[in-house]
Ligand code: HEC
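One chain is shown next in structure tokens, namely the form predicted alone.
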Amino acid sequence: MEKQSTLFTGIFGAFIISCGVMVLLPSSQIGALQPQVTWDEGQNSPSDVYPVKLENALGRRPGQSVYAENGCFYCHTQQVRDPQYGADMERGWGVRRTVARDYIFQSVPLLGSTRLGPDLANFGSGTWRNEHHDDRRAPAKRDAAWIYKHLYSPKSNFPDSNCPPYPYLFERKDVGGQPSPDAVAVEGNHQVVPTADARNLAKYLLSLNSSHELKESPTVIKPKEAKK
């Protein structure tokens, strides 16, 4: 009986210690993080630095849902590593390392664990790129139109892309007067245009931007340098 009591006490003690170290301690360290905003000219609220905050205010993030439902996080991460742990910044995926404060407005951070494709933590920053600065294949701009084209036929952007196509995120419609500027293909009197899910996914990707400097994560590569 005494041995059983000792065993039970040991198991319960291990559980309490594990809970404290793995749950309570991290929560006390980062559970009360608040947005850090430098009130530069033109910035009116934290949503200027954390644009996804506006979507969360509605209690939902449809673009993130489409991203998760299609398994984008299986091949793409959203966490830029410190230079000593990888070449993420050299590849142009970010100008500083990602920290916990970057996710405070995300109910379900999609960090990812495998990189079969590039990291997307700063896809909408305007300085994101994974090509060499003089690579002729590099697009002039990665906007919604570029995203639609990539979703519909990834190899049309990059012949060696491993990304699967997502034709079900598009629909065929009559051309009408003239093709839509968002059409990815025109076949006779019909055009292939993005569905609402594709548009929400594009908005979500373009909202991903953690290039602003934080006190715990200073900018390593200045934005002007990243554009070169």
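As the structure is a prediction and not an experimental result, all values here were calculated from the model. We number the residues from 1 along the sequence you see.
Same protein, other form: the form predicted together with this ligand, not shown, and the subject of what follows.
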(message) Whether Gly86, Arg96 and Ser113 jointly form a contact site for this ligand in the model of the complex is the question; each needs a heavy atom within 4.5 Å.
(response) no
(message) Taking this ligand as it sits in the model of the complex, is Pro109 in contact with it (heavy atom to heavy atom, 4.5 Å or less)?
(response) no
(request) Look up in the model of the complex whether Ser161 has a non-hydrogen atom within 4.5 angstroms of this ligand, and give yes or no. (result) yes
(message) Is Ile104 near this ligand? Define near as a heavy atom within 4.5 Å, in the model of the complex.
(response) no
(message) Given that this ligand is not shown alongside this chain, does Ala121 nevertheless sit within 4.5 Å of it in the model of the complex, heavy atom to heavy atom?
(response) no
(message) Can you work out which of Asn70, Gln36, Thr195, Ser180 has a heavy atom no more than 4.5 Å from this ligand in the model of the complex?
(response) Asn70
(request) Give, in sequence order, every residue of 196-220 that has a heavy atom within 4.5 Å of this ligand in the model of the complex, or say none if there are no such residues. (result) Leu201, Leu205
